[in-house]
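Given as structure tokens, the chain that follows is alone and in the form predicted alone.
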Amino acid sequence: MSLPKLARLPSARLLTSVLPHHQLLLPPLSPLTIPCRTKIQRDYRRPGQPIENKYPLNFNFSKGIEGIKKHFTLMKDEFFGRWVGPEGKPLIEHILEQNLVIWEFRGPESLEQWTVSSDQEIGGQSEAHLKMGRNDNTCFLHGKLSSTIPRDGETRYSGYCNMRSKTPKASFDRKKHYDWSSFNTLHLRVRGDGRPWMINIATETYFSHQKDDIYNYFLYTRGGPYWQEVKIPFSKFFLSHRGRIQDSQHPIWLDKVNTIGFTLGDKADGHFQLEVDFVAVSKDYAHTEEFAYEMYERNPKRERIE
């Protein structure tokens, strides 16, 4: 067969024409199967528990009208609040503000901003309950901690209780963030039973695999009938991912704070209680530390020695 005819043949016919007496052993190319990110970063599901099929909710016309009125009212407040200043406050007041109470518990409606969870989600036996304190002026978190491991064959650790604030929402269920960039200290007024707690602050992330990144620091309660005021600089909070402290640390992003929480997991089985009066942020001019932990430089450049 001449060269011009070979050039006009397709690739497969070209090989069979050149090698007529040999069978082509071309392995079939199977499509590449890459695991989807949603399967990798999905929420925790207890081993042996069936996958829940979420069906669309039934639409209620009356509730839909109430929701539209609610969201348009929120949008109106947001629009006119921006003309007044940041977060609806005058600019001079926002600049000179040194203390800001974020959460205070002065009625049963204030508990709607918080949610409580425990290791019962993974088959544990711990219990946590949230209610108002005496005179409806405080938040009272109580329950029972149990480190009994579920008998599912896969869970190895158990025994925690958690209280976390809900993510704030703007009009039409848009995610809203707390801006604490003007402050440098977390101010709490609590009364505990002597147990150590963990304070968790979650911020907005850029990538989906960072959704479990949380900034933590310790809260040591004294116990007894007396209140204690705790001030923790934000520079002391360290980064962790799913309970593991990360080698690469960086300061907390105070301009996009989503939630704050309190976690108990000291492996001491028994009853516990924590009473919270308020959660606030403040500006401490005596504190000048930017970050308390060492930050490693990625791919450092070597200095040339002449």
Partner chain sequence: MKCARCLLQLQGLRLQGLQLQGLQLQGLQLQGLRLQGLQLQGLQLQGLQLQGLQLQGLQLQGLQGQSARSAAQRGALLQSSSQPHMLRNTQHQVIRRFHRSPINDKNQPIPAEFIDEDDNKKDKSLVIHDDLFEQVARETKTKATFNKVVEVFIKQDVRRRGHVEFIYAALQKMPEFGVERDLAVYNKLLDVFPKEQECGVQLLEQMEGYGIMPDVDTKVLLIQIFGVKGHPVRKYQRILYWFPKFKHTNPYPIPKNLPEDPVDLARFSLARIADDRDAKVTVYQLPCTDITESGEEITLPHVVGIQSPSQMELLAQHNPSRPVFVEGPFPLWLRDQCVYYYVLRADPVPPEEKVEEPYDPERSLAYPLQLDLDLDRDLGDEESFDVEDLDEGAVFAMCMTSQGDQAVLNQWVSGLQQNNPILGRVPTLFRLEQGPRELQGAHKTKSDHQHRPDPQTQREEEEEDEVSVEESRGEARR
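Throughout, rigid core stands for the largest set of C-alpha atoms superposing within 1.5 Å between the two forms. Because the structure is a prediction, the values reported are computed rather than measured. Positions refer to the first chain, counted from 1.
This protein has a second form, the form predicted in complex with its partner chain, left out of what is shown; the following refers to that one.
Candidate stretches 68-76, 108-116, 172-180, 210-218, one within 4.5 Å of its partner chain in the predicted bound form by heavy atom: Flagged stretch: 210-218.
Option touching its partner chain, based on a heavy atom within 4.5 Å in the predicted bound form, out of Q120, N162, N200, T138: Selected option: T138.
Might K89 be said to contact its partner chain in the predicted bound form, defining contact as any heavy atom within 4.5 Å? Flag for K89 set to no.
Just to confirm, V84 within 4.5 Å of its partner chain in the predicted bound form by heavy atoms? Residue-level check for V84: no, no contact with its partner chain.
Mark H271 yes when one of its heavy atoms lies within 4.5 Å of a heavy atom of its partner chain in the predicted bound form, and no otherwise. Yes.
Is there a non-hydrogen atom of K267 within 4.5 angstroms of a non-hydrogen atom of its partner chain in the predicted bound form? Taking the distances in the predicted bound form, the answer for K267 is yes, it comes within 4.5 Å of its partner chain.
Going through 276-302 from first to last, which residues have a non-hydrogen atom within 4.5 Å of its partner chain in the predicted bound form? Residues within 4.5 Å: D277, F278, A280, V281, S282, Y285, Y293, E294, Y296, R298, N299.
Core aligned, does the CA of E297 move at least 2 Å between this form and the one not shown? After core superposition, the C-alpha of E297 moves 2 Å or more between this form and the one not shown.
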